[in-house]
Ligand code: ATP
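Shown here is one chain on its own, the form predicted on its own, set out as structure tokens.
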Amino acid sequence: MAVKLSENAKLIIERLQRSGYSCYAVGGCVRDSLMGRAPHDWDFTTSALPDDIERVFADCKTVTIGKRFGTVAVILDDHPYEITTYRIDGDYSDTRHPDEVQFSDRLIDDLSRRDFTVNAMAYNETDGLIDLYGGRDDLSYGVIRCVGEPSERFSEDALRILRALRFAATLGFSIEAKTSEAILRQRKLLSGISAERIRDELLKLLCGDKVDFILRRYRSVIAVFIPELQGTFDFEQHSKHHNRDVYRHIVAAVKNIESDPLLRTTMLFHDIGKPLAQTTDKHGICHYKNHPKIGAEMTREILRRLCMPSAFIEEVCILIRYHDERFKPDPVMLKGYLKELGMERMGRICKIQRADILAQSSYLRDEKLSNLDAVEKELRRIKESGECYNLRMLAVSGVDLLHIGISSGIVIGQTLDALLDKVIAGELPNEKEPLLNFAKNAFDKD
């Protein structure tokens, strides 16, 4: 597979070349193009200094997002293209950023500082592919390998440890032995990385096709920034419903659900409360009655620490809280849950329960899945028939109650809620006249 430059990528390279500088597309965009994937972003490396880049693109909008590190973004068609001067990095005293950089006029200096061989390839149409470290072979064989000595690369920027896991999970690659050994040996360097950087890599990792292998093989790495998960490691469940320890069950459940950050994060934490909730009956069977509530509380603290958005945290915690709820394909019961949770969230919970069941033992699995199928079928019927389960669908509103003499805001809210409960229970039709008659009679009695 050849590298296919976008029109704007060609423009950037050709303009810098015409001005007397060398320039190449570099990094992930070259990797993705060689894999037959359309790159999301194009990045470039050049012999031009930052001031030279700005001069060459004086007719374009530019943003000096990291000028002291040699990076200038050129805006074309409202999209930023990062162009970075060849450079040699100094020491990384904070294991995140070089203390200083030295600009260079040699491409090899720039490629030698990069993290992995598959990200250390450069390309332009004049010189073709520049691959000094065997990146194309590693790409063909599906291998993540550090450029040079792995321990040095990870000491420079510890986030590369998590990036290696993320690339392996999302690309479906294995991690070369020396690189893997260094990851495990130097994993504690991650404790010095900002929560925001950890968060971004973790969410991408979780959405990878090979996430299950990475979570199992490198669980001690994940535990550096989520130490609460250690309690689930090798924690046997002693139940007919389970044939895995808690952590292996969690990993299987993550793999079983679609590749969505919200759903996979939920599965990663859905049973984290089990070790704290475990009780054992007289027959030696373990039970975990309050684990959804305990797990939701633990997850809230973990996700806050990882600087996840508040709405994301709230949704994950609600999903965990209800992931073990025993639904039945009963319309009254389901509309009661729909009133509280809504149709979209109930759909997510059903997906979560399916992934959870499939990660359990075969004991009663068919019965559980059959019941879930019936629940989902009934939810679809309720949705398609337009049956009422929330206040927006109710045939009367607060304005209607004002017209019959109910003026207190609190009473209006209580009355609407009571009417909705009557409709859900099938005790009143969702029609304006009978609803208002009931409300008027109830109000007159008060």
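For clarity, every value in this text was computed on a predicted model and none was experimentally measured. The first residue of the shown sequence is 1; numbering continues from there.
If you look for the form predicted together with the ligand, you will not find it shown, but the lines that follow are about it.
Student: Please determine, with the chain shown alone, which of 375 to 383, 27 to 35, 406 to 414, 391 to 399 has non-hydrogen atoms within 4.5 Å of the ligand in the predicted complex.
Tutor: Checking each option against the 4.5 Å cut-off leaves 27 to 35.
Student: Taking the ligand in the predicted complex, would E315, R321 and Q353 all count as contacting it (heavy atom within 4.5 Å)?
Tutor: Verified in the predicted complex; spot residues all out of contact, no.
Student: Can you work out which of K368, K204, R217, K339 has a heavy atom no more than 4.5 Å from the ligand in the predicted complex?
Tutor: Only one listed residue qualifies here, and that residue is K204.
Student: Which residue, R68, H40, R55, K61, has a heavy atom that falls within 4.5 Å of the ligand in the predicted complex?
Tutor: Selected option: H40.
Student: I'd like to know whether R160 contacts the ligand in the predicted complex, with contact meaning heavy atoms within 4.5 angstroms.
Tutor: Looking in the predicted complex, residue contacts with the ligand include R160, since a heavy atom lies within 4.5 Å.
Student: Taking 4.5 angstroms as the cut-off for heavy atoms, does H249 touch the ligand in the predicted complex?
Tutor: Looking in the predicted complex, residue contacts with the ligand do not include H249, since no heavy atom lies within 4.5 Å.
Student: Within a 4.5 Å heavy atom cut-off, is N124 in contact with the ligand in the predicted complex?
Tutor: N124: no contact with the ligand in the predicted complex.
Student: Does any part of N119 reach within 4.5 Å of the ligand in the predicted complex? Heavy atoms only, please.
Tutor: Contact check for N119: yes, within 4.5 Å of the ligand in the predicted complex.
Student: May I ask you to list the residues of 107 to 121 that have any heavy atom within 4.5 angstroms of the ligand in the predicted complex, in sequence order?
Tutor: Contacting residues: R113, R114, D115, N119.
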